[in-house]
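Before any questions on how it binds or moves, here is one chain, the form predicted on its own, in structure tokens.
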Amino acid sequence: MTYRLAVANEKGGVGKTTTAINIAGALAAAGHDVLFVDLDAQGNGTVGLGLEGSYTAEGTSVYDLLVDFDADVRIGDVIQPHEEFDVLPSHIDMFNAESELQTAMRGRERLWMAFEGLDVGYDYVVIDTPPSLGLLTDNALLACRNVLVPALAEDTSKHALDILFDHFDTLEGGYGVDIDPVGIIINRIEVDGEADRMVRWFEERFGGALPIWNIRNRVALKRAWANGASIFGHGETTDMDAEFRRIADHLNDRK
């Protein structure tokens, strides 16, 4: 059975896309069939995987899949191969998707419905969401129900996480579903007292209820991005590889 995971935080700049790509890479490196979905209109995940041509290409895209209810577009029509895992790329037209979905029938459930037509047996689907709590993020949360939350070791994360978890409660009440946070990733940790203080805050706030993983700043992760791959497809090792593998193992245990 496919395990779907949304990587979400309403705050931008928290390493969400890097997290999603490297988790997909870790799962694929462990032998799983993975689909990476870029639901962010900015297309950072698409470009970061070397598929920038798809972002502006003519023809059917994820935008049509979500917005054009009468076009008979199936999710398999817009999935593309990548050397590590399959990719459902974003498209520049996705900037119009939020407003289109506002007035669409079942506008928050379109991705959920699209997955019902997926005829490939992926082990995992990993979705990179926009840095906002709009209808595209809601589509990901309702389609997945499992959420991995990336954050930074800084005070602004406190307010952002309060908003995010309140939003989970709202969706649960409105749709009668369970939105399940599966863990928190603290990204781009620097070696300084402020970061150490915030890491302790995360442990005190969430440590008893959710697993927490610490990802430190590593140039190798940036070089992998520049080469259109996760750290596992890039061929350069870093001490953070093991942390991403631990996340993948945790997801596998939950599957």
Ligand SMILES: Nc1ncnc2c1ncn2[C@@H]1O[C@H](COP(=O)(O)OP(=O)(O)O)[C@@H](O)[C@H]1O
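Numbering starts at 1 and follows the sequence shown. Keep in mind that what you see is a predicted model, and the values were worked out from it rather than measured.
There is also a form predicted in complex with the ligand; it is not shown, and the following applies to it.
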query: Just one of 182-190, 195-203, 51-59, 30-38 has heavy atoms within 4.5 Å of the ligand in the model of the complex; which?
result: 182-190
- request: May I ask you to check whether L221 falls inside a 4.5 Å heavy atom distance of the ligand in the model of the complex?
  value: yes
task: Would you check, heavy atoms only and a 4.5 Å threshold, whether N227 touches the ligand in the model of the complex?
output: no
message: At 4.5 Å between heavy atoms, is G12 in contact with the ligand in the model of the complex?
response: yes
message: Residue-level contact is defined here as any heavy atom of the residue lying within 4.5 Å of the ligand in the model of the complex; does I215 satisfy this criterion?
response: yes
